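First, one chain by itself in structure tokens, the form predicted on its own.
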Amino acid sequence: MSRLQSPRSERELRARNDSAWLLPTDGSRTNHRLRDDMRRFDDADEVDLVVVGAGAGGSVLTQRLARAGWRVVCLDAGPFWDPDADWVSDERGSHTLYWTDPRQIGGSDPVPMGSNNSGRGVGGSMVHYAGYTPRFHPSDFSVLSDDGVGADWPIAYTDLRPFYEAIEQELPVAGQDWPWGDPHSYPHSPHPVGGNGEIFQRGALAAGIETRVGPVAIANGRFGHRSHCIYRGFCLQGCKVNAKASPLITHVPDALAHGAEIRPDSMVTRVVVDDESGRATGVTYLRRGREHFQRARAVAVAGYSIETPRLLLLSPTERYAAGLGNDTDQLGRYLMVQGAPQTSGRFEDEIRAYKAPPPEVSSEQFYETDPTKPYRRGWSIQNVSPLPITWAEHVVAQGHWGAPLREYLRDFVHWATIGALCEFLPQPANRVTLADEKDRHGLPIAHFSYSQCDNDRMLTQAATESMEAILKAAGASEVMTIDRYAHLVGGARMAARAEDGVVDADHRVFGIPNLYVVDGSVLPTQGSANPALTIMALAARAADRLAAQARRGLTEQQAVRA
């Protein structure tokens, strides 16, 4: 294992970002103490904002506005996790971290639900994400103008850059200086690279492909009183030592410390809108078998790309008969996944890929459109480190069973794996609607229809060829590739006009002035980057805009009174 440069000091982090906050104890104990002492609002209290969902978007929005002095309640359908008591270093035992409520899937290329593309509980899917936190590229915001496909965002990369920088400091992110997109550096130096990452680096160098270590939201060294990563490889099962950042141990404790309430085990069933005023008045939710109504001056939905459209569709009124934000039939459309083929290679030496975090080394050399190719947009490559059950699924997908399967499993430590993220394009027919089937609460479940286009298939093939070339250049004697999907974004698209989307550039639902969507469902395109950092940056920007609007409104009221 090769050791890279040492981490930058905590003092340097503080100096570089005056807004950085470090909590006085480790994340788990802090959550225990703050949760016990948490401010609690009554349902009858009209809070300034009720947030639905405590994941990447909802947690950051809650934290930012609590710091701005807002009275905020954040409701989440799942539990308030205690990493020490609730999480296990076991693949099968970690399935409680996923959203496993029933959903229907369809289309010509249906997307399996319930594992790497869903989250349940405070912290959302970032609790079990790998930890990769790359930025989107400037080109991602003008895909239609530049490449003639997809959509343009109503904001530019430069609008998001300061919020990327702030979130990278707060998590913090570790990695080498980044040459792609908007070149930038990271607050923590890169982690040491394990056997799987070294194979990727070796093969990429031989194939003429640039790589970098990171970027990952895993502090290189202690951060505040969070522990150093111990390189045990269970990032996707929840990080029991709190080295990997997630909102559960970063933004949620800070939100509680500034007066917000996180209300777990609270399934929101409806956003309530008054037809006469056209304004949201709060949300109904189920908790411990009883229905409640939380009053609020504004509502922000952050339930992600399946549950956010579903909730808005479940909230029709006489005035908004097709659902909230659906006057132009855009709600639930343009839902995207990334093509995520994974390629494994067999080596004579023991690789022991599990002896490091799954996220280590990346390349974005193929991220942008190559005008010489028949397809548009591109893909990134990252090393991944499947644990035994996931490795067995990889092998079974090749048709191996019985004795051959057992032999491949015994050979586990000799295999290295890398994966691609392909930018699949937004299509209007890829959408969430309500099914006839009901859930345990008697509510229609979501139906998610998904089909690939020709451009998607060409990207997958090109990405597969590049990964197989890397592993063969590294000396692999055998390679195998499986096709899969990763991540979910879209479904409540951000747009300049109501005819093209659900929310405006300030995340406000078209036609309802105090209803917002602040999660991954607002992304018009998805790039070839993991979406977590972009969702958090968008939430930070949304909070900044909301706070500024509130200040302007207060100033105008004071001027009128004067």
Partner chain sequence: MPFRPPHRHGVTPQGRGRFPGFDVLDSVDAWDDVTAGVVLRRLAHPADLAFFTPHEVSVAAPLLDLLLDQDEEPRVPVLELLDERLAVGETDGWHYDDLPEDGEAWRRTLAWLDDDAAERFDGARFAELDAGRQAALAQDVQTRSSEGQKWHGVSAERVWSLWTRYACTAFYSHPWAWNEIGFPGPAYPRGYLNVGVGARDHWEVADSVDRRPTPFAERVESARREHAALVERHHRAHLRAHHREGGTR
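Nothing here was measured: the structure is a model prediction, and the numbers come from that model. Numbering follows the first chain given and starts at 1.
Separately, the form predicted together with its partner chain exists; it is not shown, and the next lines address it.
* Asked: Only one of 192-200, 213-221, 150-158, 171-179 gets a heavy atom within 4.5 Å of its partner chain in the predicted bound form; which is it?
  -> Looking at the other structure, the answer is 192-200.
* **Heavy atom within 4.5 Å of its partner chain in the predicted bound form - residue from Pro183, Pro79, Pro428, Gly93** => Residue within 4.5 Å of the partner: Gly93.
* Contact assignment for its partner chain in the predicted bound form, among Tyr354, Phe136, Tyr320, Tyr164, heavy atom within 4.5 Å -> Only one option qualifies, and that one is Tyr354.
* Full three-residue contact with its partner chain in the predicted bound form, heavy atom 4.5 Å, for Thr100, Ala392 and Trp401 -> Checked in the predicted bound form: all three residues contact its partner chain.
* Asked: So in the predicted bound form, does Glu437 come within 4.5 Å of its partner chain, heavy atom to heavy atom?
  -> Residue-level check for Glu437: yes, a contact with its partner chain.
* **in the predicted bound form, Phe141 touching its partner chain (heavy atom, 4.5 Å)** => Phe141: no contact with its partner chain in the predicted bound form.
* Tyr304 within 4.5 Å of its partner chain in the predicted bound form, heavy atoms -> No, no contact at 4.5 Å.
* With heavy atoms only and a cut-off of 4.5 Å, decide whether Thr433 touches its partner chain in the predicted bound form. => Thr433 lies outside the contact set for its partner chain.
* To do: Just give me the residues of 406-422, first to last, that have a heavy atom within 4.5 Å of its partner chain in the predicted bound form.
  => The stretch 406-422, when checked against its partner chain in the predicted bound form, contributes Arg406, Glu407, Tyr408, Leu409, Arg410, Asp411, Phe412, Val413, His414, Trp415 at the 4.5 Å heavy-atom cut-off.
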